[in-house]
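Here we start with a single chain on its own, the form predicted alone, put down as structure tokens.
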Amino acid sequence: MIVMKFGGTSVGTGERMANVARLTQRAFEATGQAPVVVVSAMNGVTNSLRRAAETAAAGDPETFRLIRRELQERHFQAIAECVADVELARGLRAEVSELLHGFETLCQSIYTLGELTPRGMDAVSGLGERLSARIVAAAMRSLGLKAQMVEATEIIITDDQFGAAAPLFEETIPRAQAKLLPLVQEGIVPVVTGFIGATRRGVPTTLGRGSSDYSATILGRCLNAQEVWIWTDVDGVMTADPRIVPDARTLPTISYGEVAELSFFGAKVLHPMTMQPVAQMDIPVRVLNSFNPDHPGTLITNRPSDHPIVKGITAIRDLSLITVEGRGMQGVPGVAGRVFTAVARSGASVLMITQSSSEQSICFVLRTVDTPGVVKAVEDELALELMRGSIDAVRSHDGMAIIAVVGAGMRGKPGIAVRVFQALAERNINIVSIAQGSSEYNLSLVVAQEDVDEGVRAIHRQFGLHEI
């Protein structure tokens, strides 16, 4: 069995939804079995839904109504483009109208209360997938396939961490198998809503922004799929962002660990959590281009290759470097623990950590948007030490970026760091801080944000990735 996921650009219009139906038919014919299909919202729809909820909470009674009309027009147009059956199209428009009416009612309640909770945001922002899945299933039926839309809230059970819920596999596996396997066995294509799930009590949740990839691999694990195919708008996992490096290349293969590092450090092709469910089961993942379906794409497995040595270069922007320093930190146990406990209380995510061997300073990197709250939390935690002078200051340096150099071939290979530093030095790019993970898959460097693009290009060329 194959689980296939189609992203927002792949279902962005009715014509593209019809293409999804054709690709599904092709996969069905190639494997002799109905695939399970997971779909995202039409591109841009989730952002519109979130904006509607946020403006309603801010006291704006008009924007959510305008967005409702825009969404209805866009989805009606998609139906006209990919559903030829008049009666099927009429019923589908009625379903879309009913869902959008519920969305408007929910936004009206948010406006009346003047409050938007994470639970409320999940209820609003998951609507896009519920709309697109219905239309994609109808496009498949118009092509002659048997297809049925399935709400992921019926099968993916999560915790109640609204906005970034985690699946509960012990409960999700039996539900997914009971709901989806009989459909597949009857030759019916299940079209499942990505991005969303539900708590044990049936309250809708979301798995995090851009997490339809994650939905697909969750189902791949639950169904013990042969492979998971992620259909997107690029030819696979690339050696760098082609908007920064015009001669970036598609990698034919890459390991779970390598692609997870690239995703965490800014590569947009996959959601960072995507690999976790399938890596445990050794289920391969293919990244394919729905607009160029004959390209072989990238195969992701648990078998890292030493060639090329470096697989990819990626970057995260809009970061700050926080430094906690003072002579009084030397040899005093627990300071680092207290610092990061304070960071955790602020709700921020730390992207990189370094500490001097003298123990007189700790540096860590996080997103600039989180910096004010983190600095205050750390200063409050260390207020006594700051007052005594055993810690000199908690300083923030904005305008930073991380360049991540990723590759399993780096492990145990001497001279990699020297080549990276040489490439940057030749462009007069200063390295502010350095870290390497224990896996040795990733060498991360902090540089000034204005140097990041040139730095990525320099390292990419240094390792000959343009020649793949």
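Owing to the predicted nature of the structure, the values given are computational and were not obtained by experimental measurement. Just count from 1 along the sequence shown to find any residue number.
The protein also exists as the form predicted in complex with aspartic acid (ASP); that form is not presented, and the subsequent description refers to it.
Asker: From the list R286, R209, R93, R395, which entry has a heavy atom within 4.5 Å of aspartic acid (ASP) in the predicted bound form?
Answerer: When aspartic acid (ASP) is considered in the predicted bound form, the option within 4.5 Å is R209.
Asker: Scan T55, N442, S433, T46 and let me know which has any heavy atom within 4.5 Å of aspartic acid (ASP) in the predicted bound form.
Answerer: Checked against the cut-off, the match is T46.
Asker: Among the candidate stretches 38 to 46, 408 to 416, 23 to 31, 421 to 429, which one is within 4.5 Å of aspartic acid (ASP) in the predicted bound form when only heavy atoms are counted?
Answerer: Result for this chain: 38 to 46.
Asker: For E261, is any heavy atom within 4.5 Å of aspartic acid (ASP) in the predicted bound form, or not?
Answerer: No, E261 stays farther than 4.5 Å from aspartic acid (ASP) in the predicted bound form.
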